[in-house]
Structure formats: C-alpha cells, structure tokens
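Heads up, the chain below is alone and in the form predicted alone; it's given as structure tokens.
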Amino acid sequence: MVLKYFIAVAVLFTSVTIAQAHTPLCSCFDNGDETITCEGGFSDGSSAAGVAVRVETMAETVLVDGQMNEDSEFTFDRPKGDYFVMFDAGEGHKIKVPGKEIVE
C-alpha cells in the first residue's frame, strides 16, 4: 500500500514538473542600420515581456541594461568591439548570444 502511494505521488510531481517546464528562446539579428534586435520567448509559447537583457563586453562589463518589451523584443545600438547579449529569465533560463554570431 505504501509503495502504491509513493508511486502515485512520484507520478504526480513528475507530471507537474513536465507541465511547467519551458525552455528559453532568444535570437538576435542585425537590422542593417547599426542596431541589433533580439526576440525572446519560451518553448511553451509564453511571452518574454519584461525579461532582463544585457549587452556586455567579453570581460562582462555591462554596456546596455534593459528588458524585453511587450512584443518580447529588445533593440539596441551595435557596440564596437566584441560583445555578447545575455537573455536572463532567471537561474537555468539564461541564453548567451555572442555578437560575432549576430548577422543580417
């Protein structure tokens, strides 16, 4: 009886965890006018509005600090030199996009 109860509880917690699981998504592209736009979201279709976005040097100095707008987008002026974009939706939900991979 105890084993059946344990299995039922384990199945319940596993299904709740799977139902809540979502993977962050972020892609950035060069607009061709010295600006970059990044679009974010989650694999379950939820919005990234309000998610923190930082543009940093390779030494992790913050150049631009902002957040995704209501359309889950963030646009910024292309920095000089090497940089990366950090989409930061919290622990386990961060994406680092190197500037050298951002193309038109």
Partner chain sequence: MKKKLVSFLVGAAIVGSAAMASAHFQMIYTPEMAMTKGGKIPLKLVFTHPFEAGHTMDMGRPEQFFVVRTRGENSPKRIDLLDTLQQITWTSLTNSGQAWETVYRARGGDHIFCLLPEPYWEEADSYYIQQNTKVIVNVGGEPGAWNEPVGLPTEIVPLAKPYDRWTGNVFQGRVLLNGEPVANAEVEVEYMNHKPLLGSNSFAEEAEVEAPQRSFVLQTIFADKNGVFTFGIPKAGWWGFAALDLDQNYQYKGKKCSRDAVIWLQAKDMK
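Positions refer to the first chain, counted from 1. Note that the structure is predicted; figures quoted are calculated from it, not measured.
Keep in mind the form predicted together with its partner chain is missing from the figure; the text below concerns it.
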Considering non-hydrogen atoms and a 4.5 Å limit, which listed residue (D65, D44, D77, E60) is close to its partner chain in the model of the complex? D44
Does its partner chain come within 4.5 Å of any heavy atom of M86 in the model of the complex? no
Is it the case that E56, even though its partner is missing from this view, gets within 4.5 Å of its partner chain in the model of the complex, heavy atoms only? no
According to a 4.5 angstroms non-hydrogen atom cut-off, is E70 in contact with its partner chain in the model of the complex? yes
Who in 86 to 104 is close to its partner chain in the model of the complex, meaning a heavy atom within 4.5 Å? E101, E104
